[in-house]
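The data below hold one chain only, encoded as structure tokens and taken in the form predicted alone.
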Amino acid sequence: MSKNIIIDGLTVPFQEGQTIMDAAMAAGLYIPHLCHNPEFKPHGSCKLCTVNVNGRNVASCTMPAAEGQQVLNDIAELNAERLALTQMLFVEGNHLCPACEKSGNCNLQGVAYYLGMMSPHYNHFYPAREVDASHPDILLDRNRCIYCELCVRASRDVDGKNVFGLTDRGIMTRLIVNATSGLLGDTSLAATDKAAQVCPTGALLVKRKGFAVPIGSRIFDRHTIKDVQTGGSHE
């Protein structure tokens, strides 16, 4: 038997074991997120999905839904914090959308559109990050990595290969490849692996497919990320 929580004044049913994110998305309510993927154990690293539950801010992707919760999600205060986090993600790396072949299919870009981001706002860091083109089928461009760990979790938990990892902390965090050489071409990663498919930005790209769908006709060129991720139209 389902129970209910209240999200922005709306009654939302949930099943035992579901998180607030699970219940919201099942009900067609969008909570912005980047590191969450329903196929993997909740991670809670990007903090975009923070909601207010009974007066306390929590990550909705890790917080279990419980009877009596009053949840605030789509409110000005939280959206302003999400916008600031998104703006920081853009300047912390080297995200240059007009030059990126993931443009229009990028979740980071889709969230930015949704939140009304019109400029980076903060000064760019322009970090020196490596591009690894050693793999015959997959390009690794660390300039676009947001450290969501989706590729890490997919390679470890789904593909069983443990190709990727993160090292260091804070501003020194970087994505590494688990090979003696440190090169992607010296791993067993395949273009069909889950790890090669889950990147929300353009950090991992399958080669020779980038412009199969022209810019202007891609998913977030035509639909909002809210519609796409809550089951709305996304042909």
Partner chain sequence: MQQFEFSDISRMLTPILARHGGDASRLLQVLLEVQDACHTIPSEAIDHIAAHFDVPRVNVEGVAGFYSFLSTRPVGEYRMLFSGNITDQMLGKDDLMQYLCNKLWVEPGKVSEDGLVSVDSTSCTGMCDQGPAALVNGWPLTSLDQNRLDLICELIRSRKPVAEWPPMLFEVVDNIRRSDALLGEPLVPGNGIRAVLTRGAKETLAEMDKSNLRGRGGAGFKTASKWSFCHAAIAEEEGSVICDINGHPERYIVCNADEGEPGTFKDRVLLNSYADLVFEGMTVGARVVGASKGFLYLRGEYRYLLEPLEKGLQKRREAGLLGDNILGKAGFSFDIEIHLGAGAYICGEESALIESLEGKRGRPRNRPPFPVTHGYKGRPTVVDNVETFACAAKIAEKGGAWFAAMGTAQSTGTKLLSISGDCASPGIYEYPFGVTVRQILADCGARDPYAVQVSGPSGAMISWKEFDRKIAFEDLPTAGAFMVFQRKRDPFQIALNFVHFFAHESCGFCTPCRVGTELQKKIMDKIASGHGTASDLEELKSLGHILKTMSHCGLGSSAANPVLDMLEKFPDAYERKLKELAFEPAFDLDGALETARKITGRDDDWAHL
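The model shown is predicted, which means the values in this text are computed figures rather than measured ones. Positions refer to the first chain, counted from 1.
One more form of this protein, predicted in complex with the partner chain, exists but is not displayed; see below.
- Shown alone, this chain has one stretch from 188-196, 203-211, 24-32, 54-62 that lies within 4.5 Å of the partner chain in the predicted complex by heavy atoms: 54-62.
- Contact check at 4.5 Å (heavy atoms) against the partner chain in the predicted complex: all three of 47, 92 and 171 pass.
- Residue 146 is the only one of 112, 154, 106, 146 with a heavy atom lying within 4.5 Å of the partner chain in the predicted complex.
- Of the residues 88, 158, 97, 133, just one reaches the partner chain in the predicted complex with a heavy atom at 4.5 Å or closer; this is 88.
- In the predicted complex, none of the heavy atoms of residue 70 sits within 4.5 Å of a heavy atom of the partner chain.
- In the predicted complex, the partner chain lies within 4.5 Å of some heavy atom of residue 84.
- In the predicted complex, the partner chain lies within 4.5 Å of some heavy atom of residue 176.
- For residue 138, no non-hydrogen atom is located within 4.5 Å of the partner chain in the predicted complex, even though that partner is not displayed.
- The partner is not shown here, but in the predicted complex the stretch 161-175 reaches within 4.5 angstroms of the partner chain through a heavy atom at 162, 163, 164, 165, 166, 167, 168, 169, 170, 171, 173.
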